[in-house]
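There is one chain below, alone, in structure tokens, taken in the form predicted on its own.
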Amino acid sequence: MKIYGVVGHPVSQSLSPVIHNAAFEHLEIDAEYRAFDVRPGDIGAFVKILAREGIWGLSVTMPHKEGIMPFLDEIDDIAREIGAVNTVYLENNKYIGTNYDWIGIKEPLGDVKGKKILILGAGGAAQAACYALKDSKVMIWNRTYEKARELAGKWDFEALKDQKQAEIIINCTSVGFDNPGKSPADPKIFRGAEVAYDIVYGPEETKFLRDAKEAGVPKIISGEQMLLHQGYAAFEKWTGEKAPREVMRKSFHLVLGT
């Protein structure tokens, strides 16, 4: 049996095991997907035992998306350009890091040509969003302006000291993850917006999305879409099989009771 898993800290709340194990079972693949809670200082030691433990692939979540990079055998061009890894696969006895978070951003948004986009955050998810939207007009706001400026400079985007209105607003921070009652966004910025996308997912709707709905934003995208779309890509990379998308989506909603 092949072992896959998600590595993060904390990681017990992750629904990645639910969606991937449902896919393995549906396609009758002899594999299991587990959760590995690894503290930041231990990620190097964890990577060293992957082969010994028979681990064929990983999803990488907070806080390891950047920290895992020096310990892998190779980093592909996409992950290198983004500056973070969210997926590890085994090829020719080498553990290779890539990043499919950008797919989790791009696919649910659809065509954004000509739209003004505001990204909230400047961490790993925001880096992936910048890659996904590199041909768009993007503004970046972060609680620490210097980080916003650094990320914006890399992609020739605009860094903001104060949040501004935009047609598409994406929360790439972790605000709302532990407390859905908190939001990184000033509710005023949703006025006139066409899309609000929160990468945070959970059983409770986030304040970010509630505020967007109250402001009349017509298209609301929850973090479920981020999890699923990057998960489809990772599953197909690991197995060479087409991801059973409907099975994975239903498993997500079943465990949350939504």
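Don't overthink the numbering: it's just position in the shown sequence, from 1. A quick note: this is a predicted structure, and the numbers were derived from the prediction, not measured.
Not on display, but discussed next: the form predicted in complex with a small molecule.
Please pick, from Ile82, Ile168, Ile105, Cys172, the one residue with any non-hydrogen atom lying within 4.5 angstroms of the small molecule in the predicted complex. The residue in contact is Cys172.
If the cut-off is 4.5 angstroms on heavy atoms, which of these, Lys182, Lys188, Lys137, Lys154, is the one near the small molecule in the predicted complex? Of Lys182, Lys188, Lys137, Lys154, the residue with a heavy atom within 4.5 Å of the small molecule in the predicted complex is Lys182.
So in the predicted complex, is the small molecule close enough to Val88 to count as touching (4.5 Å, heavy atoms)? Val88: no contact with the small molecule in the predicted complex.
Considering only heavy atoms, tell me if Ala122 and the small molecule come within 4.5 Å of each other in the predicted complex. Judged by the heavy-atom cut-off of 4.5 Å, Ala122 is in contact with the small molecule in the predicted complex.
At 4.5 Å between heavy atoms, is Arg143 in contact with the small molecule in the predicted complex? Yes, contact at 4.5 Å.
Given that the partner is absent here, does Ala45 sit within 4.5 Å of the small molecule in the predicted complex, heavy atoms only? Contact check for Ala45: no, nothing within 4.5 Å of the small molecule in the predicted complex.
Please name which of the stretches 144-152, 89-97, 70-78, 106-114 has residues with heavy atoms lying within 4.5 Å of the small molecule in the predicted complex. So the stretch in question is 144-152.
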